[in-house]
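Take a look at this one chain, the form predicted alone, written out in structure tokens.
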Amino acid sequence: MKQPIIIALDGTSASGKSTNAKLVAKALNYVYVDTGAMYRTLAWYCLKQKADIHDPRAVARVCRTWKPSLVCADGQVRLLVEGYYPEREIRTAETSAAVPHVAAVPQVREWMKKKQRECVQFGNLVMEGRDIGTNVFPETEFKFYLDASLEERSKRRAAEGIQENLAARDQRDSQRAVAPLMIPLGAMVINNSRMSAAETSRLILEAVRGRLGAKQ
């Protein structure tokens, strides 16, 4: 049986990971996986359970006991909690503020890695996050790392109506004890400060198709 193809798209906050991952997945007819949404779903659930998100043991306890289901709907993987996908709830300011604390817990990252690797059951994937090429699927041949200047990324966040200290987020992500944000070995690095999403995704698609063509 042929192994599914995994395209790993890592990068900093507001570097265009989600937009480009969706464009690439659509162009190739692959399944899109937003790993950030998976962490957000757990963060939302911790808040719902009134767990102290600043207490790693409390967060790890929730992660051990919750039983979400992994599903693929409309070409996108989601974690359902009791059959429900909290699409709007995971994008609130409260959940956003909780995510870095929840995502830094080692037991959470181990649980997420296992669950994210299970996504291969749905076929070829475009998976975006912060540790896909380094930790979740380090064996994939298709690794990309997106970045842009802090000024450009801050503008993008502001255009979305979100005020976030990206410099502080970058520091937390890169200094995390488990699976920190870093450029994966062998990844194609794309600084898209002066590029549109169409231009960025075109670069990724050219690289992927070139490699796939070389294999045939």
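Residue numbers here begin at 1 and follow the sequence given. This one's a predicted model, so the numbers in the text were calculated from it and none came from an experiment.
The same protein also has a form predicted together with ligand DC, omitted here; what follows describes it.
Asker: Can you work out whether residue 39 and ligand DC are in contact in the predicted bound form, taking contact to mean some heavy atom pair no more than 4.5 Å apart?
Answerer: Residue-level check for residue 39: yes, a contact with ligand DC.
Asker: Quick check on residue 114: any heavy atom within 4.5 Å of ligand DC in the predicted bound form?
Answerer: No, residue 114 sits far enough from ligand DC in the predicted bound form that none of its heavy atoms falls within 4.5 Å.
Asker: Can residue 156 be called a contact residue for ligand DC in the predicted bound form at 4.5 Å between heavy atoms?
Answerer: Looking in the predicted bound form, residue contacts with ligand DC do not include residue 156, since no heavy atom lies within 4.5 Å.
Asker: Taking any heavy atom pair closer than or equal to 4.5 Å as contact, tell me whether residue 91 reaches ligand DC in the predicted bound form.
Answerer: Yes.
Asker: For the chain seen here without its partner, which of 97 to 105, 142 to 150, 117 to 125, 72 to 80 has a heavy atom within 4.5 Å of ligand DC in the predicted bound form?
Answerer: One stretch meets the cut-off, namely 97 to 105.
Asker: For the stretch 124 to 139, return the residues whose heavy atoms include at least one within 4.5 Å of ligand DC in the predicted bound form, in the order they occur.
Answerer: Stretch hits, in order: 129, 130, 131, 132.
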